[in-house]
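Below you will find one chain, with nothing else, as C-alpha cells; this is the form predicted alone, and questions on how it binds or moves follow later.
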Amino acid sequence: MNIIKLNALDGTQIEFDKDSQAGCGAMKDVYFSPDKSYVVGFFRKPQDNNSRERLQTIVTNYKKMLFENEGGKNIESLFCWPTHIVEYNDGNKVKIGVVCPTYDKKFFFASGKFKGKEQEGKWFASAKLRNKFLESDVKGNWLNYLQVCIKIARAVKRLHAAGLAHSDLSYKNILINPLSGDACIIDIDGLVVPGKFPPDVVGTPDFIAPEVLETMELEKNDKNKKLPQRSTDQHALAVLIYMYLLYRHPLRGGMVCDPSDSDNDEKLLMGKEALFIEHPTNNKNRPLLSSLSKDELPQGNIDLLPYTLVGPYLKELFDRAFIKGLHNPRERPTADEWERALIKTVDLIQPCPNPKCEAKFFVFDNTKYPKCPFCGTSYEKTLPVLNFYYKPRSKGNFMNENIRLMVFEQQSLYKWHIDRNIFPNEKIKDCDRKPVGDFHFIKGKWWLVNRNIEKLVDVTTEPHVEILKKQKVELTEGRKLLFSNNGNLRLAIVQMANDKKRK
C-alpha cells in the first residue's frame, strides 16, 4: 500500500492508496481510501477558478440544499454526492480532487460474467446488451424497472428544484439494481447552474437534446447556441425511461438522413431531423425488422411491443417528450410529472400468470381479452379495479381523479390510495408508508381487509355499513367504498374487469 494523507479544503483528513486505483475515466483518475469506504478522484486537467468555485458550492451549499430540506434524508441514496475537495502535489503539478462515498455493493454485479463490475445502466437499457450478455438472474422484472425510473425521476426532480441541471444524464452516469429497483446518479461534479456555472460537456451520445446537437457548431457566445440545461435534462430523462421500459432508443429507427456522410447522418438523426420511431402519423423512422439482429428482438419490434404497453399515463408523457417536445423544449414533461405518472402506472400493474415470463409484470389494459404483451399469455381471471373519486370542496359531487388501482392477490392498500393529500414521494412520513389494507381471493370472491383504515364505509346502498378494522368487505361490480383519513374523504367505485359473464 502507498497511503497518501491530505487535508481537504475544510480541514478534514483524507487518505488514499496510490496503489489502489478504483477507476480511470475520461476526466479523472480515481483511488480508494485505505478502508475503501470512499474514493478520491483527481482531475487530469487543471481546474480554473470557476470550476473550483463550482466544486466548492456543490460540496457545501447545494449539498445542504438537497439533503437538509424536507425529504432530503430519503434521497441521499439516489446520489453519489461529493463530500470534500482536496489538492495534491504529485511532484509535477498540483491536482484538484473530489472525495465521494464508495458505491453501495448493490450496484455491482453479484454473479455472471460481469461479477464485481459496476452495474452501469447501459447493460439493462439496450435489448442487444441485455439479450447477448446478461444472465436472467441479474435482469430483474418489469416492475423493478418502473421503480428504477421512479428513483431517477425523483433525483432529477430534486436537482431541478434546487436550480441545478445535471447536464450529462445518461445510462453511463447512473448505476442501477434491477433486482431491488434502486438507482444512483454519479458524476455530480459537473452540475450546471444557469448564468453561473456553465456545462463542461454537451452530454453523452444518445441522450443529447436535438437542439444542442443542431447548434453545436455555433460559437460559444452565439445567442442561438443551445447548451445543456434543465430542458435538456428533461429530454435525457425521457430517453432513459423509454429505454429502461422498452429496451430500445426512441430516435434510432430506419431513417437515413445523409447516406454519404456517417457523422453528419448521426448529427441529423439525433438533432435537426430527429423523429420518434413510433410517431403515429409519420413512419419515416420506423425500425426496419430486416436490419435488426437477433439480439435486438423481440424488443426492437415496435409492432409486437409498442410503447402503448406502458399504460395511459406514461404514453401521454412519451407523446409530449418525443412528438410535441422533441423540437420544442417547453413542451417536455418535467421530472415531477414523470415521477407522478410512474407511480400511477405502478397501480395499474398485474403479475403475469406465466411463471416463465421474463417481465413477470405488465400494465393491465382492461381490454376485452387482456394478455401480457411481453409473453402473450392471456389473463383469464376476473379482478377488481378501484376507480378513485374526490370531493373538490366540503360540499358537492365526487369527481373522477383519473387514478385507478388494479387488484391482485395479497396486494396492499396504502394511505396514499385513500387520502389524496398524501403522495408516496421522498417527503412521505414513515407512518404513512405502512399498508392500511390488503386484498385476497377466497373461494372465488375478492375481498378487501381493513387493517388500519381510520374509517371505511360501504355506501353502495342504504343503510351504509361501516367496515371496522380486521373486518373485510367483498369487492363486487359497482360497490362504493368511502375512505376517511384525518377527515379527508376519498371514494372508490369497484369495477370488475375481465368478467367474461358480463361480456
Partner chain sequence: MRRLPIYLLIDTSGSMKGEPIESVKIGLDTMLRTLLNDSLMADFSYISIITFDKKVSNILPLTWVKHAVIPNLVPPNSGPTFLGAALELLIDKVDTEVVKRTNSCDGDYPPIVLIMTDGKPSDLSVFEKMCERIKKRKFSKIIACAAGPLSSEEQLRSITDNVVNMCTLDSFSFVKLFDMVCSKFDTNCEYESEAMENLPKEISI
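Since the structure is predicted, the reported quantities are computational estimates derived from the model, not experimental observations. Positions refer to the first chain, counted from 1.
Absent from the display: the form predicted in complex with the partner chain. The rest refers to it.
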Quiz prompt | Contact at 196, 422 and 491 by the partner chain in the predicted complex, all three, heavy atom at most 4.5 Å | solution = yes
Quiz item: In terms of non-hydrogen atoms within 4.5 angstroms, which of the given stretches 109 to 117, 187 to 195, 94 to 102, 349 to 357 touches the partner chain in the predicted complex?
Solution: 187 to 195
Quiz item: So in the predicted complex, does any heavy atom of residue 400 sit within 4.5 Å of the partner chain?
Solution: yes
Exercise. May I ask you to state whether residue 255 is within 4.5 Å of the partner chain in the predicted complex, using heavy atom distances?
Key: no
Practice problem: Report whether the minimum heavy atom distance between residue 459 and the partner chain in the predicted complex is within 4.5 Å. | Solution: yes
Quiz item: For residue 389, is any heavy atom within 4.5 Å of the partner chain in the predicted complex, or not?
Solution: yes
Quiz item: Of 265, 336, 200, 76, which residue is found within 4.5 angstroms of the partner chain in the predicted complex when only non-hydrogen atoms are counted?
Solution: 336
Self-check item: Answer option from 371, 139, 332, 417, heavy atom within 4.5 Å of the partner chain in the predicted complex
Solution: 332
Quiz item: Can you tell me which residues in 154 to 189 come within 4.5 angstroms of the partner chain in the predicted complex, by heavy atoms?
Solution: 157, 158, 160, 161, 162, 163, 164
